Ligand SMILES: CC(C)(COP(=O)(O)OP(=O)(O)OC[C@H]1O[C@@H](n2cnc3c(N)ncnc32)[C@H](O)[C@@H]1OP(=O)(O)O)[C@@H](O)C(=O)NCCC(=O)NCCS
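Next comes just one chain, in structure tokens: the form predicted alone.
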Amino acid sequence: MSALIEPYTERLYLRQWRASDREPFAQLNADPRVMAFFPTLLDRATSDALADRMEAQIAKQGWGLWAVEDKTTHGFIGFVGLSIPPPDLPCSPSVEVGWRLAFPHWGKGFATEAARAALRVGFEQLHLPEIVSFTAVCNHRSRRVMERLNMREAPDTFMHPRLPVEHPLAEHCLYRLRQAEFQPQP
């Protein structure tokens, strides 16, 4: 077990998961707007299992996909953090920065702010040489976040190995950020 890392920003806490996060997380994962670029909505049991895995990963290595809390309301708004992609992805082995926020919290800069804090952990504390992010080619909102983080789009797309080739979300784009390119300030 590693020392727990819980970064924060001016408006957000990135923290370990709590039992009280499970219900709003399940609601987020059942929202078609939030899950538009994922193959399926998640039922409560699947959502809870995902939260359990993220919580266990943070407990094991000290970092991962953190629960995000709004400092003003103290409410759970989603997750942001670092994870290790499955080995069957073309960018593996690597560390990915990712996010998923509840719809009412979109458009406020929270994803970029929290992802920047996660990148700071990756580059300044974990000393990673590079961090990646990827999404379905048609997910323009997440791609804009990647661009605001100064990530660079790789020249080639890839077909996600866990989706059928004909699936509308199968084609993915990859973004990369090297440690030397990281700009910690917004």
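Remember, predicted model here, so these are calculated numbers, not experimental data. Each residue number is its position in the shown sequence, starting from 1.
This next part talks about the form predicted in complex with this ligand, which is not shown.
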Given a 4.5 Å cut-off on heavy atoms, tell me which of 157 to 165, 39 to 47, 130 to 138, 66 to 74 is the interface stretch with this ligand in the predicted complex. 130 to 138
Although the partner isn't part of this model, could you tell me whether Arg152 comes within 4.5 Å of this ligand in the predicted complex, counting any heavy atom of the residue? no
Heavy atom to heavy atom, is Thr112 within 4.5 Å of this ligand in the predicted complex? yes
Is Arg53 one of the residues lying within 4.5 Å of this ligand in the predicted complex, judged by heavy atom distances? no
Contact flag, Leu101 vs this ligand in the predicted complex, heavy atom cut 4.5 Å: yes
Would you give me the residues of 135 to 159 that have any heavy atom within 4.5 Å of this ligand in the predicted complex, in order from first to last? Thr135, Asn139, Arg141, Ser142, Arg144, Val145, Arg148
